[in-house]
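The chain below stands alone and is given in structure tokens; this is the form predicted alone.
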């Protein structure tokens, strides 16, 4: 039996009916065509599928779509505005923190939540914030540096 849900994704109101066992990841990719969210382990261990729900990072592979009713979701597609990269995205490029790119969307969104709540985090706080985002290429130092650069205002801000 399908359930009607209404929520906002990247600023757009969405209203549709979903099966009770549909994950947010499958909804985003399959029904809404938002392919930037990655499916990695499909068991909540890698963080590739991280999105922001009501200001907190969540694993979309472990979140049922019906739980999104009346919620606000931000995916990687919602990070840039008016064709301009978010400072975290630009910093990732500037610091060569994007290698294969598989983990990038997840850690960028985790980092956004961190900086939204703590604009001047320590290196340890950055590590903690992205600890659930596994990088296949082991680019953790560059990821940390790119986040810290935004926090310190050293990134090329294009917003």
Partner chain sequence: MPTEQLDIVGTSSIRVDARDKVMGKAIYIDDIQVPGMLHGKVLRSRYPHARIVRIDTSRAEKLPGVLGVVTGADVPFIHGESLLDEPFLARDKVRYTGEGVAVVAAVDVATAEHALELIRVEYKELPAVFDPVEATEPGAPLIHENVGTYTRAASNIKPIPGTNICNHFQLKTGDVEKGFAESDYIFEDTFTTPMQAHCCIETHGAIALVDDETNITVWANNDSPHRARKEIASAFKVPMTKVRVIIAPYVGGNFGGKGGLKAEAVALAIAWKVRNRPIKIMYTREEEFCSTIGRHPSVVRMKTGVKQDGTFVARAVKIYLATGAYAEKGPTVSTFAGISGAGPYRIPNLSIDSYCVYTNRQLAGAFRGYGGPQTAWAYESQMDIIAHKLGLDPVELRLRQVYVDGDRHANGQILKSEGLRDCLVQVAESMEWNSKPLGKNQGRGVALMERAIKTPFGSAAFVKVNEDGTVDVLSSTTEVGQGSATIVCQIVAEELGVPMASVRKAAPDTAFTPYDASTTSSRSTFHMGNAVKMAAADAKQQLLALASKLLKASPDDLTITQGKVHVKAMPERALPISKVLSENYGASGTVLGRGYYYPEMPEGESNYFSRYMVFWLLGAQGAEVEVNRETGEVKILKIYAAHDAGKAINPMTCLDQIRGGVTLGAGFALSENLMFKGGTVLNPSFLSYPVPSALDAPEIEPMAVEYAHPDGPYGAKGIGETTNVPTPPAIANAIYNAVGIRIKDLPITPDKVLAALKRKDER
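Source: prediction; values computed, not measured. Numbering follows the first chain given and starts at 1.
As for the form predicted in complex with the partner chain, it is not shown, yet the points below apply to it.
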Closest heavy atom of residue 128 to the partner chain in the predicted bound form, within 4.5 Å or not?
-> yes
Does residue 101 reach the partner chain in the predicted bound form if we count a contact as any heavy atom within 4.5 Å?
-> yes
Contact flag, residue 76 vs the partner chain in the predicted bound form, heavy atom cut 4.5 Å | yes
Answer with yes or no whether residue 137 is in contact with the partner chain in the predicted bound form, where contact means some heavy atom within 4.5 Å.
-> yes
Scan 7-38 and note down the residues that get a heavy atom within 4.5 Å of the partner chain in the predicted bound form; none is a fine answer too.
-> 29, 35, 36, 38
